[in-house]
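So this first bit is one chain, no partners, the form predicted alone, shown in structure tokens.
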């Protein structure tokens, strides 16, 4: 099946005091119709920058897509004009941002913010758009939607604001939804409601979802396939069952080992030593080498490639060179 969205060898650079640095360095991924793809990794691994590169929402004065390609149903997003990009956003691809309080405009009513997207893409009257906005608020589980359309973001709870963000994102029934840490700063009960809502919308509309998170529990619950990112690169990719049953990359193993176990036999949680390297201080060889318990001499001197270590399972690590299978 041809993927809806294809990112191939993407390099996104930022201007810093040290010069141009690669924040996203050679990332490739695919999103198929109706699937939920998890993109996981610690903060600073390039997950959000990858998604903003896809949406073409990075500030052009400090960043640029240096190379690679991003295609949506075969159309080159990087070659689209500003007017074509505006038509694409919200209509074909929508995004739920990390913090709804800063994503919603505090001086506009909730209804106006939903209606803006509806009227831009659907070309309907203001009266019809308001009826549709109320309907969308009902769909995302907001009680008293007739009142909420006339309220401001500060009058709503965090969970309700996130539901409004989902209503805006889903208003024009996009084919792809990018959700960037959609449950950050929400309590556990509201998190579960938001995830159930996204799953329900995905099943009803057949929407493909790229779910960006650092929470492996959410990945296990929601995703079909998983891309693990570290320091701007993909280090492992496979289906969700294989990732939890047979993780390959030492970084992935470290992330999974840091999860609490239901058995209760752990005296303390494991942690990965060190931290993600700074953008202008990347190691010469493997970027995870300084933190890796399996570190070898070649890890310090040369960059490992993504290897096919099993069917539909890739890993960027020298440990598996002898196990590589033909692609």
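Residue numbers count along the first chain shown, from 1. Keep in mind it's a predicted model, so treat the numbers as computed, not measured.
This next part talks about the form predicted in complex with a small molecule, which is not shown.
- In the model of the complex, at least one heavy atom of residue 23 sits within 4.5 Å of the small molecule.
- The small molecule in the model of the complex comes within 4.5 Å of no heavy atom belonging to residue 318.
- Under a 4.5 angstroms non-hydrogen atom cutoff, the small molecule in the model of the complex lacks residue 69 among its neighbouring residues.
- Shown alone here, residue 272 lies farther than 4.5 Å from the small molecule in the model of the complex, counting heavy atoms only.
- Annotated contact segment (heavy atom within 4.5 Å of the small molecule in the model of the complex): 45-53, selected among 283-291, 45-53, 30-38, 296-304.
- Within 4.5 Å of the small molecule in the model of the complex, a heavy atom is found for none of 107, 152 and 183.
- When the small molecule is considered in the model of the complex, only one residue from 214, 253, 121, 139 comes within 4.5 Å through any heavy atom, namely 214.
- Listed residues 202, 98, 242, 91 were compared with the small molecule in the model of the complex; 98 is the one with a heavy atom within 4.5 Å.
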